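Below you'll find only one chain, the form predicted on its own, shown as C-alpha cells.
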C-alpha cells in the first residue's frame, strides 16, 4: 500500500478515528486504526467494539492495500507535521512496518495484520431517514448535559431518541435525565422516521457524533435498529450499539400543575447564579431563590466560607416563594437558553420546577429543588 495525502485531510480523518479508540486497551488491535487505500480514496476505520467510525478521504493512491497502525501514534505524528505538508504513507506487510514521510521527516511504525481487525457486523436497519445537521445538533446538545454518570443506572447513561406525541402531532424527541434534572427536546419528525424504535444513544456516541454536525448545510443520514444506530455524512460513518435497557417513563416527572411564573433574562440570571455560588461550599453548592413581586433575590449562606446575595429585576406576580437549587444544575439549565428570556414555572419549595425558553414548548427542562 502506498499513497500521498495533504496533512490537513489526514489529520481530520485520523483525529476522528483516534478519539473512538480507548486509551487503555487489553486487546492490542483495538488501539490501531485500519487504513484501506483503493481507487482515489483512503478509508480510516477505528472501533472500541461498541462504536465504529469510518472516515473516507481523497488521496493519491499509488498502490492499493491495507494495514493497521497505532491510532494515537499516527495522530500525534500528523498533528506535529508542518501545515500544508504532503504526507506519504507506505506499508511493507512483509516487514510489518508503515513508513510515514513528510519533507525531511521520516517515521517507521509497527503494524498489525488487518485480518485481526474487528469490523462491526452490519445490521439491518428498520428505519432510515435524513435530518439536517443543525436539527440533530440542537436535539443532542440541549439534552446531553442531563445524562447520568451513575454506572448502576446504566439505562440513564445516554440520550433517549424516540418518536413521541406532541400537541401538534408526532415529533422526534431526545430526553436525558439523571434523576436530579431532565431535558426534553423536540424537533419536527423527519420523513421516514415514523416507525423508528426508541433507542438510548450512549454518552460516548453522543460526543463522537457531535463532530459530524459542525456543518449546518449538511444532511445526516440516520439509520436505527433495535440494537444499533448509525449517523452518516458523505465522508464519515459512525455506527454504535445502543444501550440495552428500558428508559423510564419520563412523562411522570414533568410537572403539569406549576402555576407560579417567573420570567428572567437568561444570561443575566446565569451570571448572577455564578457570582453568588462563588462562596458556596463545594459539596452542595446550594443557591436560594427568594421570589417577591417583580424581584428575585439570589443568596448563598455557607457558614464556613461566607455569604452572598444579589437582586435581579424579573417578571413575577404570584405569591412570594423561597426555593433552593444546586447551583451547577441551575447554571447548566440556564445556559441552554438560546432566546433572551427563561421562564420558570414553580409549584412549591419541595416540588420539581419546570423551565422553558420564552413560550417555546419544544425544549423543556425540569430541575429538582434542594433544602437550603
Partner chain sequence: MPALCRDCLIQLETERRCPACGSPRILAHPELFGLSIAHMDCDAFYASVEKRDDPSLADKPVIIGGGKRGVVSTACYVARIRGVRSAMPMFQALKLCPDAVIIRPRMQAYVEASRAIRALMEELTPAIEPLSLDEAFLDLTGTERLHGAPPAVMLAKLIKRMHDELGLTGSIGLSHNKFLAKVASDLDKPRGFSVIGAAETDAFLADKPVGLIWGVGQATRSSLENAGIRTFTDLLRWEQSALTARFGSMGYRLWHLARGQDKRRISAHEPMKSISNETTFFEDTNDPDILDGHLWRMAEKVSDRAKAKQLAGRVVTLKLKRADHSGLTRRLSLRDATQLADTIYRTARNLFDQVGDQGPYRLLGCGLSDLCSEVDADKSGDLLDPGATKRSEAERATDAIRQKFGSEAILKGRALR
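Positions refer to the first chain, counted from 1. In this text, all values refer to a predicted model and were calculated from it rather than measured experimentally.
The same protein also exists as the form predicted in complex with its partner chain; that form is not shown, yet it is the one meant from here on.
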Check your understanding: If you check in the predicted bound form, is residue 181 within 4.5 Å of its partner chain, heavy atoms only?
Key -> yes
Review point. Does residue 259 reach its partner chain in the predicted bound form if we count a contact as any heavy atom within 4.5 Å?
Key: no
Check your understanding: So in the predicted bound form, does residue 289 come within 4.5 Å of its partner chain, heavy atom to heavy atom?
Key -> no
Exercise for review: Determine whether any heavy atom of residue 5 comes within 4.5 Å of a heavy atom of its partner chain in the predicted bound form, and answer yes or no.
Suggested key: no
Review point. At 4.5 angstroms, heavy atoms only, are 156, 177 and 253 all close to its partner chain in the predicted bound form?
Key: yes
Check your understanding: Though its partner chain is not shown, can you say which of 194, 248, 245, 103 has a heavy atom within 4.5 Å of it in the predicted bound form?
Key -> 248
Check your understanding: Of the listed stretches (119-127, 235-243, 104-112, 146-154), which one has a non-hydrogen atom within 4.5 Å of its partner chain in the predicted bound form?
Key -> 146-154
Exercise for review: At a 4.5 angstroms cut-off on non-hydrogen atoms, which residues of 334-370 are near its partner chain in the predicted bound form? List them in order.
Suggested key: 352, 366, 368, 369, 370
